[in-house]
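Below you'll find only one chain, the form predicted alone, shown as structure tokens.
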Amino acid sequence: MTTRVLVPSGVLGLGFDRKALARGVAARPDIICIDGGSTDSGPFSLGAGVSKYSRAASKAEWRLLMQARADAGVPLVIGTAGTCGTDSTVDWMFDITAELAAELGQKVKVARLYSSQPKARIAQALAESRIAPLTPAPEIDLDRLGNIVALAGAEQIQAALATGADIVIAGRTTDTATIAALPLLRGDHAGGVWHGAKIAECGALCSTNPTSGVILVDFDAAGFTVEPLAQGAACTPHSVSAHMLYENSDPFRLYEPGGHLDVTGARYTAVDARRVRVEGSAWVPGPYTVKLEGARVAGYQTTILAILRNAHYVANARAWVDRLTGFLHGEIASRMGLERDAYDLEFRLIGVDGALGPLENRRGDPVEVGVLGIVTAQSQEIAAEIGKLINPFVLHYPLTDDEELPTFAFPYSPATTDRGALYEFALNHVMRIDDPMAAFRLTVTDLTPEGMA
């Protein structure tokens, strides 16, 4: 049996080729799957329980996918809804779905798969030695942890599909789970399914036109075939095989709940100028574990931005910042009575080494340098107060004592911005569970144009 999966894009909110999507619907897929997020953008979305992506953009794209689902008459599945997959973002995506069902006049059954983990469950698993650290992994401090999610696998998506849902809105899932679920349920080659799901999870990134979005994957008893649907896009053995390097520490192995994928023996063959056939991938069963992700508040931040254009200061920006930093630490201590371990003050030189800091090995002659000051403290009030204290010195501070007082530029007023909570990842562990649904829950709702039932 062949299972055809349509993947409109690497993530909802990124955009896709509408004509390519129409071609995908015309190809009669068995299911439409799309990812809703990841940890790529850092811990903020998980910590705050909010989506990184615009609600308007998400709704506009989800509208097209709900229409495509209705035309194709197949399930529509989104994983890691709302970027981070917390219960709050699953419900955020459900609200969008309910609005669209009313606007489009659609009657749909929606299954919500929740992935958030109560602290009591984590504490019990710790007591029973069912949690193991990955590398690297911080010490688990349950008192400081905020949102915690477990990454669902194919089995949890299969349970959601078994409800007869037209639409599945899943919390945090592995990137491959939504794509792998139906082909595995229908008995397609397990190694080929997990490999094809990995190749397809970022949409057309496995093709020669990575921004075009839409791809089609056919799974069967021996492997899979992948094809991009945008005009001018093509999959090649190189573009497909290279995707195993993407977001993966081992280009030959990929770990999932219940085992791992081994592509050591995979063979990539060009079927024609657009399609690639892959066979030889293996699925190796193992213990059933789910990855845990968690975030906690690490402090509160205020930022300040100044621009240096005076050639003397541009050329000596690092020396100026080093001198300024030492001076400011003294001012903060004398005026606010704060020890150095009560706050963090960092300056990044945009245009010099703002991204890499001391690791930067390329040098040039910038016309101007942006000086980004980042203040982190245990409360927003303290961070904001430090920001205001350093403000006049970031605007006027000399490189040496015997030169005139310079004036730099603030690009906006006020010069400081209170950023709120700073989050950090606080879990990188796996939890062993005997029943795949033991750490997850399902809610099924019938939506009608008139409301919910």
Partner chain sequence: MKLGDLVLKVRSKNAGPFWVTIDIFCDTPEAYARVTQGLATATVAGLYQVPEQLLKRFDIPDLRVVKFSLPRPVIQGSAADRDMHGAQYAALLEEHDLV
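Predicted, not measured: the structure shown is a model, and the values here were computed from it. In this text, the rigid core denotes the largest set of C-alpha atoms whose superposition between the two forms falls within 1.5 Å. Numbering follows the first chain given and starts at 1.
What comes next is about the form predicted in complex with the partner chain, which does not appear here.
Participant: For the interface check, one of 213-221, 115-123, 343-351, 99-107 should have non-hydrogen atoms within 4.5 Å of the partner chain in the predicted complex; which one?
Facilitator: Contact criterion met by 343-351 only.
Participant: Given the partner chain in the predicted complex, answer whether the residues F94, A162 and R275 all have a heavy atom inside 4.5 Å of it.
Facilitator: Zero of three within 4.5 Å in the predicted complex.
Participant: Find out whether any non-hydrogen atom of N248 is located within 4.5 angstroms of the partner chain in the predicted complex, and reply yes or no.
Facilitator: Although the partner chain is absent here, N248 would touch it in the predicted complex, with heavy atoms inside 4.5 Å.
Participant: Quick one: does I386 come within 4.5 Å of the partner chain in the predicted complex, counting heavy atoms only?
Facilitator: Output for I386 is no: heavy atoms all beyond 4.5 Å of the partner chain.
Participant: Examine L422 and determine whether its closest non-hydrogen atom to the partner chain in the predicted complex is within 4.5 angstroms.
Facilitator: Flag for L422 set to yes.
Participant: May I ask you to state whether S41 is within 4.5 Å of the partner chain in the predicted complex, using heavy atom distances?
Facilitator: Answer yes; at least one heavy atom of S41 falls within 4.5 Å of the partner chain in the predicted complex.
Participant: Considering the partner chain in the predicted complex, which of S379, S334, T135, S129 comes within 4.5 Å of it through any heavy atom?
Facilitator: Going through each option in turn, the one that passes is T135.
Participant: Answer with one of T289, S241, T225, S88: the residue that has a non-hydrogen atom within 4.5 Å of the partner chain in the predicted complex.
Facilitator: By the 4.5 Å criterion, the partner-contacting residue is S241.
Participant: At a 4.5 angstroms cut-off on non-hydrogen atoms, which residues of 349-369 are near the partner chain in the predicted complex? List them in order.
Facilitator: If the 4.5 Å heavy-atom criterion is applied to the partner chain in the predicted complex, 349-369 yields D353, G354, A355, L356, G357, P358, L359, N361, R362.
Participant: Is N361 one of the residues whose Cα moves 2 Å or more between this form and the one not shown, with the core superposed?
Facilitator: Where the cores coincide, N361 still shows a C-alpha shift between this form and the one not shown that is 2 Å or more.
Participant: Aligning on the rigid core, do we see the C-alpha of V321 shift 2 angstroms or more between this form and the one not shown?
Facilitator: Yes.
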